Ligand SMILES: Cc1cc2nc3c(=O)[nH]c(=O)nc-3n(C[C@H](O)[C@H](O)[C@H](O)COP(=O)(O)OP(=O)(O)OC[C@H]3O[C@@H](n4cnc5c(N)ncnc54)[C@H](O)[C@@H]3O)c2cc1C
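Single chain ahead, written as structure tokens, the form predicted on its own.
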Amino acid sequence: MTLAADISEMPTQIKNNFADELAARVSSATLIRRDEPMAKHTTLRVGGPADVYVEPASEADLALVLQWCGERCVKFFILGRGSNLIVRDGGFRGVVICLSSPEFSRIEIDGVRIRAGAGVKQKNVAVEAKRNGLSGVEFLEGIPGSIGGALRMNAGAMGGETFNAVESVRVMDFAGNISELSPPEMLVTYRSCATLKNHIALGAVFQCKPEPREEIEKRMKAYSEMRWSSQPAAPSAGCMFKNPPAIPAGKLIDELGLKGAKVGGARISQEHGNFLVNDGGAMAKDVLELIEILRAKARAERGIDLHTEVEIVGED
């Protein structure tokens, strides 16, 4: 997910007309909607409307959208499948771009390599690898979201991290230029890839190794059972905080006695303290208030600063 441009708001006449201007610039296969509710596109099910929502039909159309935003000094945001994301209740002033068209949703097997578009579900990469007797990406099975989002956040689970399995990433800069980068050429850290703050991931090549399908399946089943026994089924954004060096965030929240605490329709999960869930009817402001309650108590009682793993965008 990537945020660009500094303009906080646009003149009313531009905001009213820019969807039509975009439609005239790109192919007819590109989907464009006005005032699209972001609650429909986030796993936490909160968020106000985006001025314009775009699903580019191709890399060429994506480049045209980015170039138009640059010319107009319009903010844009790259949306994956809506996990690890909170959109504020006022929505997003600008263009939300989602790479979910077939062009960005392909998976190809090439020997021990898997090529996956940015819009592919992480689980689908793990399943396709298992089907072809390829190991090394099993941990992706339990992570919600798309490959583009996994790269942007260097998502991880069960001891694995996305970039540990990546051979190369196809990226586009905000001017529409495409290049191929290896992990050493990218600024990758724990739960972050700074390179993808000014580039957009179009897809990645995963390096795997052959292994009997039965062994891969056994490992994925164990991961799935572990996840469902420790994580909530209610809508959430995934883990809310990065783990501090001294203690896992979920364990810290448990020790602070805050499991089950509520604000409006948002609640700290009983199953896992690092998950904030939507019990129904939650607003983004409820979730953000809970986040601040957790951060304040962790700081006051343990001297620990909690930093959000999720990305928070939009207007109050």
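Quick caveat, the model's predicted, so the values are computed rather than measured. All residue numbers are counted from 1 along the displayed sequence.
Below, we turn to the form predicted together with this ligand, even though it does not appear here.
Peer 1: Does any part of Gly156 reach within 4.5 Å of this ligand in the predicted bound form? Heavy atoms only, please.
Peer 2: The answer is yes: Gly156 has a heavy atom within 4.5 Å of this ligand.
Peer 1: Using a 4.5 angstroms cut-off on non-hydrogen atoms, would Arg219 count as touching this ligand in the predicted bound form?
Peer 2: Although this ligand is absent here, Arg219 would stay clear of it in the predicted bound form, with no heavy atoms inside 4.5 Å.
Peer 1: I'd like to check something about Gly136: if you look in the predicted bound form, is any of its heavy atoms closer than or equal to 4.5 Å to a heavy atom of this ligand?
Peer 2: Contact with this ligand, no.
Peer 1: Can you check whether Glu315 is within 4.5 Å of this ligand in the predicted bound form, heavy atom basis?
Peer 2: Although this ligand is absent here, Glu315 would stay clear of it in the predicted bound form, with no heavy atoms inside 4.5 Å.
Peer 1: Which listed residue (Val95, Ala116, Leu79, Val87) meets the criterion of a heavy atom within 4.5 Å of this ligand in the predicted bound form?
Peer 2: Contact with this ligand in the predicted bound form is made by Leu79 alone.
Peer 1: Can you check 127 to 135, 106 to 114, 197 to 205, 87 to 95 and let me know which stretch has heavy atoms within 4.5 Å of this ligand in the predicted bound form?
Peer 2: Correct option: 197 to 205.
Peer 1: Within 4.5 Å of this ligand in the predicted bound form, counting any non-hydrogen atom, which residues from 146 to 168 show up?
Peer 2: Heavy-atom contacts to this ligand in the predicted bound form: Ser146, Gly148, Gly149, Ala150, Arg152, Met153, Ala155, Gly156, Ala157.
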